[in-house]
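Here we start with a single chain on its own, the form predicted on its own, put down as C-alpha cells.
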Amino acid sequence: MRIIGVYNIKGGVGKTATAVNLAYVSAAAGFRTLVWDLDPQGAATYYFRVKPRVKGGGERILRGQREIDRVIKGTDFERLDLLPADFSYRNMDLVLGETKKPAKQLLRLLHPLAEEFDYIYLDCPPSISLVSENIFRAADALLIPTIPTTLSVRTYQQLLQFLDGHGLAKISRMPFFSMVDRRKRMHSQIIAEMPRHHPEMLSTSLPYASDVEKMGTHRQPVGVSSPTCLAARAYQSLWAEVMERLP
C-alpha cells in the first residue's frame, strides 16, 4: 500500500481535481484505490456522487472508536472506493489532539487497510496544522499542485521550510504546475525558472481547462466525461510520472 497526500497550504490550486482524477486513472489501470476526503467541504465526495457524511460521525473514526473500513463507500467505478467527507472534520485538529501520539493518528488508522488497497489518495484541506502534520507522517509522498504565480511559489517554499523544521525533510515531494495558462507571460516564466531551483518538480503540467471545471456539473472524473481532452491526457501523464517517482 502506498499513501499519496495531495496537499497545498493554499486552497483553489486543484488538489481535489488531482486526487479524484489520479485515483480514477489508478483504478482504471487495475489497482485497488481509495480516496479519503479529509476536507469538510466534501468536494471529492460530491464528485463521486456520495453523501458527505460518515455514519456514526467522523469524529469516532478519527478517535479510533470505529473501524475505518466499515465506513468506506463504493463509487461508480470498479476498484475505486471512497472514504467520504464529514462536516465534523472541521474540528479535526481538536479531535486528533486528544489522541495518543496525535501526529501519527492518521497513519495508525490507515494501517489496517494495507491488505485491501494498493494506493490511497488523501484529499487534504488547505492548512498548516496538526492535520497537516498527520498527513506528512502518513504519506509516502506529497503531490503538491502549484499554480505558476509568485504567491504560489512562495507558499511552496514555506512548505519546504515547515517540513525541514519539523523533521520531515525525507518525505518524497512531488510538486507540479497546475491550472497552467501558457498565454500568461508569468506562467511561462515561472514554469521555465522554478525547476532550476527545485529539481524535484514533476515535468507534467495540468492545464487550466473548462473540462476540469465541468467536473462539478458532470460529477465524474474528466477521464469519463471527456476522455480525449487535454486535461484527461495530462492526468494520465501525471499518474505515470508519479508511479515512476514513488519510493
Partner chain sequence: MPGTALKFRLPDSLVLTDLISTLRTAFPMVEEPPISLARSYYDSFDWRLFQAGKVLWRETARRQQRLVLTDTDEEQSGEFQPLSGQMPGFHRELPPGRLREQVAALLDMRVLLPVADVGVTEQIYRVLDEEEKTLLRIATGSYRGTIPGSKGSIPLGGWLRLFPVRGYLKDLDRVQSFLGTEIGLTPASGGILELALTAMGTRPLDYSSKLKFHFSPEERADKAAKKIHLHLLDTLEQNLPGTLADLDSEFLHDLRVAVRRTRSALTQIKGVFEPSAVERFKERLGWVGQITGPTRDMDVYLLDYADYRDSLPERFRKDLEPLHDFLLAHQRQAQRALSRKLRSKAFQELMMDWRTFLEAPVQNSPQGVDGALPIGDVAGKRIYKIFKRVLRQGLAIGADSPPEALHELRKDCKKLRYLIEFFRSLYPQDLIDPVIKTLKALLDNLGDFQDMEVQALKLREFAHEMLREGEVPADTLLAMGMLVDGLLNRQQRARDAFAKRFARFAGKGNRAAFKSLFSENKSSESLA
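Numbering follows the first chain given and starts at 1. All figures in this text were calculated on a predicted structure; none of them were measured in a lab.
This protein has a second form, the form predicted together with the partner chain, left out of what is shown; the following refers to that one.
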* Partner-contacting position among 50, 190, 202, 179 - heavy atom within 4.5 Å of the partner chain in the predicted bound form -> 50
* Counting non-hydrogen atoms within 4.5 angstroms of the partner chain in the predicted bound form, say which of 184, 63, 219, 198 makes the cut. => 219
* Non-hydrogen atoms within 4.5 angstroms of the partner chain in the predicted bound form: do 73, 76 and 117 all have one? -> yes
* Asked: Taking heavy atoms only, is residue 55 within 4.5 angstroms of the partner chain in the predicted bound form?
  -> yes
* Asked: Does residue 69 reach the partner chain in the predicted bound form if we count a contact as any heavy atom within 4.5 Å?
  -> yes
* Asked: Contact between residue 133 and the partner chain in the predicted bound form at 4.5 Å, heavy atoms?
  -> no
* Structure fact -> In contact with the partner chain in the predicted bound form (heavy atoms, 4.5 Å), from 76 to 84, 103 to 111, 122 to 130, 159 to 167, is stretch 76 to 84
